[in-house]
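Consider the single chain below, provided in structure tokens and representing the form predicted alone.
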Amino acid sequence: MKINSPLEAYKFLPATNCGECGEATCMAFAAHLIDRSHKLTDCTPILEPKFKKKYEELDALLAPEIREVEIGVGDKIAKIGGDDVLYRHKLTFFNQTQLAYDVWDTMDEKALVERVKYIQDFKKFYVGNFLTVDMVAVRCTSNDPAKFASAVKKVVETTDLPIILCSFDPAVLKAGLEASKGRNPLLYAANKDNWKEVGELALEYDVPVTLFAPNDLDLLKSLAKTFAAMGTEKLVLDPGTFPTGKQLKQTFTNFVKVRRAGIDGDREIAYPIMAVPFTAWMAHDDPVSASYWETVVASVFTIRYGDIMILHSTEPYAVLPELHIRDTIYTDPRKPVSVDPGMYKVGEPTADSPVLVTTNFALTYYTVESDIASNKIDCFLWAIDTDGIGVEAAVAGGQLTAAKIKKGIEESGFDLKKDTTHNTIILPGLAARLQGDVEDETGANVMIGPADSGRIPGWMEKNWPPQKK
């Protein structure tokens, strides 16, 4: 049974307080084992032969409730599963949903390569990071192993993204495996008719495999037990994705049942789950409706336990909602999203340029920076360390104070009196009550800017440069 307490983990550690793990005490290290910010192998003493039994016991007790499965190789490897909780606020969700977009073997070669490159290169900058898609799913629509192998070969030559080989025909899958040797693709899929042949392929090539049992959880569990008995636990479960009506509700229920059973300790079904929002294209003839419902289904199962998905529409209006909701759900609630505190230059500021203060909460910082940069305002932007908390909350909670602003200025090495001609700081409107304290702490002139950074351009026109006193 999994342990969730640092004290329980501590009992298995050598308790030398050697510090080789980077922590001052073994208890501190145990706490990091529980929240998965450290690995057990970071503890050098427990790797000694005399502690082998304790290492093996603790390693098993720390293993996630849902098995982690790896797809692909190298820097682009996709990890799915590995969760311990049903609800993010109880800990966090660890491996974000992997989004695979399809190509098919009856495509013209040029169109196939262009689509793969588009999938590979798609990215959107958001709150300090680029949102990207993860995988390519190669579908066999020709029923021809040779044609499928040719398409798979072209895909692996074009991208290093992980791939999914999609067919219920074992001969087709074998051809795809031969064309993608060394790439550790995911097989899709084994079902009640082909399980033996596909299972043998998964074992022979040592690759992960999806088990498909639409709306039949008993069959799904039976397949999982059978494959485990055959010798592989590199399994992904597909309970079927029905994109409309009562069947969509049943799909939702099935996902919850499978994940709840796994979290509650049923190891026979504790595997990552696949959703296939692509099925919306089978239920809707109109491309606009199909794309819309595909995005809706993807969003639903990003929230409810879909560890990997196969999708079709690569239009930005479909992909961006999928990426944004995934980024939101898989943001670690234990860690505020923040930027490094410090002085940042926006544009090409000079000694006459304004100096603005904000917090290091990433959403606040990048909103302010974007509003300034898009209006071509050259300035210095100070991100004060508020533990990743926004302006209004940081002022109320004491994370943004005059002393913190002074400290941030001093640590940046920026001298307001020497490096500017105006010795002036502009505080955000929501921090107006700090004006007097900041003036006393820093000796600088303090102006109060707008509460909304979108109004900075208009405010600058009226108030900058400051009038000399």
Partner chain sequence: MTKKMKLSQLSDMLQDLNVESLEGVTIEGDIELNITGGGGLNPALAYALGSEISQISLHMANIGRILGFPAEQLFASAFGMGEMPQPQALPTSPKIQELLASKFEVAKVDNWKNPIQEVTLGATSGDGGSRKSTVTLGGENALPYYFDAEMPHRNYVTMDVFDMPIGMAKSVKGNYEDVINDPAEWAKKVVREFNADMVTIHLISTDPLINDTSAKEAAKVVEDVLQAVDVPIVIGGSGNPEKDPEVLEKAAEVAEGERVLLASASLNLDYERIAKAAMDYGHVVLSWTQLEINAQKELNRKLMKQCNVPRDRIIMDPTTAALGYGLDYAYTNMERIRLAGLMGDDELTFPMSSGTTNAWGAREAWMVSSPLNQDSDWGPREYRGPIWEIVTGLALSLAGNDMFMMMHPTSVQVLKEITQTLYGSIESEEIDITNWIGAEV
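Rigid core: the largest C-alpha set superposing within 1.5 Å between the two forms. Because the structure is a prediction, the values reported are computed rather than measured. Numbering follows the first chain given and starts at 1.
What comes next is about the form predicted together with its partner chain, which is not displayed.
The closest non-hydrogen atom of residue 151 lies beyond 4.5 Å of its partner chain in the model of the complex.
Contact between residue 452 and its partner chain in the model of the complex is found at the 4.5 Å heavy atom cutoff. Contact check for residue 261: a non-hydrogen atom falls within 4.5 Å of its partner chain in the model of the complex.
Contact check for residue 126: a heavy atom falls within 4.5 Å of its partner chain in the model of the complex.
Picking from 325-333, 155-163, 341-349, 76-84 the stretch near its partner chain in the model of the complex, with a 4.5 Å limit on heavy atoms, gives 325-333. Contact with its partner chain in the model of the complex, defined as a heavy atom within 4.5 Å, is made by all three of 141, 310 and 367. 222 is the sole member of 96, 92, 222, 232 with a non-hydrogen atom lying within 4.5 angstroms of its partner chain in the model of the complex. Residues of 283-316 lying near its partner chain in the model of the complex, listed in sequence order, are 283, 288, 292, 293, 295, 296, 299, 300, 303, 304, 305, 310, 312, 316, the criterion being any heavy atom within 4.5 Å. After superposing the rigid core, the C-alpha of residue 394 moves by 2 Å or more between this form and the one not shown. Shown in the overlay between this form and the one not shown, fitted on the rigid core, is a CA shift at residue 437 of 2 Å or greater. Comparing the forms between this form and the one not shown on their rigid core, the Cα displacement of residue 15 stays under 2 Å. Compared with the form shown here, the Cα atoms of residue 399 and residue 91 move at least 3 Å farther apart in the model of the complex.
Compared with the form shown here, the C-alpha atoms of residue 91 and residue 397 sit at least 3 Å farther apart in the model of the complex.
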